[in-house]
Structures are given as C-alpha cells and as structure tokens.
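The chain that follows stands alone, in the form predicted on its own, written as structure tokens.
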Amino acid sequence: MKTTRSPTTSTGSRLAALSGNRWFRLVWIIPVALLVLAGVVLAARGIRSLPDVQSFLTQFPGTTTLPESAPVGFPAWLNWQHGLNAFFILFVIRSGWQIHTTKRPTMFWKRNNTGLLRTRRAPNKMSLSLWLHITFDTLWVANGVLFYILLFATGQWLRLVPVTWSIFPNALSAMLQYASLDWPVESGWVNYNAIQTISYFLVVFVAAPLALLTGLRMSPSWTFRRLSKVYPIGVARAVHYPVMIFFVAFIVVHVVLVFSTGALRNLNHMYAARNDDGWLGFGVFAAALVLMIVAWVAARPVILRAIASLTGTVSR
C-alpha cells in the first residue's frame, strides 16, 4: 500500500537534515560577527572623539614619508608579477587544502625515473594532489625569485620595507581609522599607508620565505638526514599550515579593501600600470578572473591526470 508523507513531515525532515549539516551549525557565526563588528566601530568612533586621540591622529596621520629615491607608480612588470602570483597561489592553496583534508588519496603520480633524474633516495611516487601542489609551488617560487630581483633592481623595495620607527604609531593610527570606518586617504600610487606597508612586508619577506622553507622540509624529496635532527618535520608542519591561513586571511582583506577604497583606480594600479579611474584595469582584471575560474573548474582529476601523464605515470 502506497503511503504519502504530509508537507509538514517533509518540511520537518528537511529542517532536521539541514540542522545536522556541519556548515549550517556555523551560521551562528554571522550574527555574532556582525555584533562584534558593530561594537568595534562604535568603540573606535568613541575613542576618536577624545582630544588626545585627535592630537595623536594629527601627529601620525597613518602614512610615513618615503626616501626621495623611492619610485612613484607601478611598472608593468609588477602588474604581471602580481597577476601571475595571484594565479599560482590560488592553486597552491587549493592543492594544499586537498592534501590537508584527504586521508586516503585515490590517484598517484610516478615520475619517469630515467637519466639525470635517477637518484637513490628521492621517492618517485606521490599523490596527484601533492604533484599538483609541488608543480604550482615551483611556478610560484620561480615567479617570486624574479620578483625579488626586479624589486631590488628597480628600488620598489623602498615602498615595502619600513625604514623608520614611526611606522608603528602610524600603523596604530591607520588601524583606528579603519576600525571607525573613517578610512585613511588612499594614495597607493605614491605611497602605502603604514598598515599596508607592514602587511606587504610580512607577506613578501616573512610569510613567503616561511612557506618555502617549511614546504621544502615537508617535501618527499627531502634527503638531508643530519639537518632533519635540527629541523624536524613536526616543526615545519606546525608552521606551514598557519602560514597558509595567513595568506588566505590577507587575500580576503586585500580584495575587500581593493573594491571598497576606489575599485577602478586600484585595479588600474594593479593591472594596467596607470593612475586614473578608467576601465582598462577592470577589463584586464575581469579577463584574469575568467581565466582563473576556467582553470579552477578545469582542474578535475581527468584533466590533471592527462597533464601529469606528460611527465610520469598516473595510476589509481
């Protein structure tokens, strides 16, 4: 005999299934975050109204003075470096997360162990996710090495490295201005504010080297046995994952600020090497975004297997 369920029962079942979803359980974070954000804004506005704080903001507006030799503007090579870095790190993070969350890989890549590549200790088999991670790590590092060379050859490093102790009170000033939603004046074409300078310095000269050094220690090709005692793999793992979280947090905040502090001008700085409110930078950014989305969707096991097969053998 066929039975039918009432709409009430069906709705109740769907609600029960939804409430059991692990992501639904995190919904409470949204209202809590909004309340915390509102509290921070109100507190920052109250603090800014104090006379002493107003004097502090006048003395430290949030930006330090650069040396006279510091370059102005963004050259085309920096635009290319930024775009390539964004593309590479997208898949570095994606493949790294897959490695972190996958307990039992189902597909493996085995290198062609011939010629100069033949070694006694280096392993010749790894998961396909690890192969993808190492591939994009290599591209990201190569792009980074070129970035460092050009950065110091052209003097652009002066815009990223704090050269005065006043960077810290100015960073506190900029932080208070951001928190009160009365944001500091943006003039990234000429000079970053103190928060931006410190953030970019940490990304380029601290987080990136840490990601490389810890990644090398975790690599299956690590063969330095004596150094392993001084630099255990547990230390590398304990640092590598938080560094990835730092990159993700930086990217989220970076993107939000780019679009909320003059999107067209910022995109022209980053993608068109020009300082105006035209649409060229947005067009280049949109094309780059489409390319990233297509690559993300295309990075499926069947396609990755075909690409990986060009340099080795892929098996299940």
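Keep in mind that what you see is a predicted model, and the values were worked out from it rather than measured. Numbering starts at 1 and runs along the sequence shown.
Not on display, but discussed next: the form predicted together with protoporphyrin IX containing FE.
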Output flag, Arg111, Ala295 and Leu304 jointly within 4.5 Å of protoporphyrin IX containing FE in the model of the complex, heavy atom basis: no
Partner-contacting position among Val40, Val255, Ala33, Ala287 - heavy atom within 4.5 Å of protoporphyrin IX containing FE in the model of the complex: Val255
Listed residue (Leu172, Leu212, Leu150, Met107) with a non-hydrogen atom within 4.5 angstroms of protoporphyrin IX containing FE in the model of the complex: Leu212
Non-hydrogen atom contact Pro162 with protoporphyrin IX containing FE in the model of the complex at 4.5 angstroms: no
Non-hydrogen atom contact Tyr200 with protoporphyrin IX containing FE in the model of the complex at 4.5 angstroms: yes
Leu216 within 4.5 Å of protoporphyrin IX containing FE in the model of the complex, heavy atoms: yes
Contact test in the model of the complex: Met244 vs protoporphyrin IX containing FE, heavy atoms, 4.5 Å: yes
Any residue of 259-275 that, in the model of the complex, places a heavy atom within 4.5 Å of protoporphyrin IX containing FE: Phe259, Asn266, Leu267, His269, Met270, Tyr271
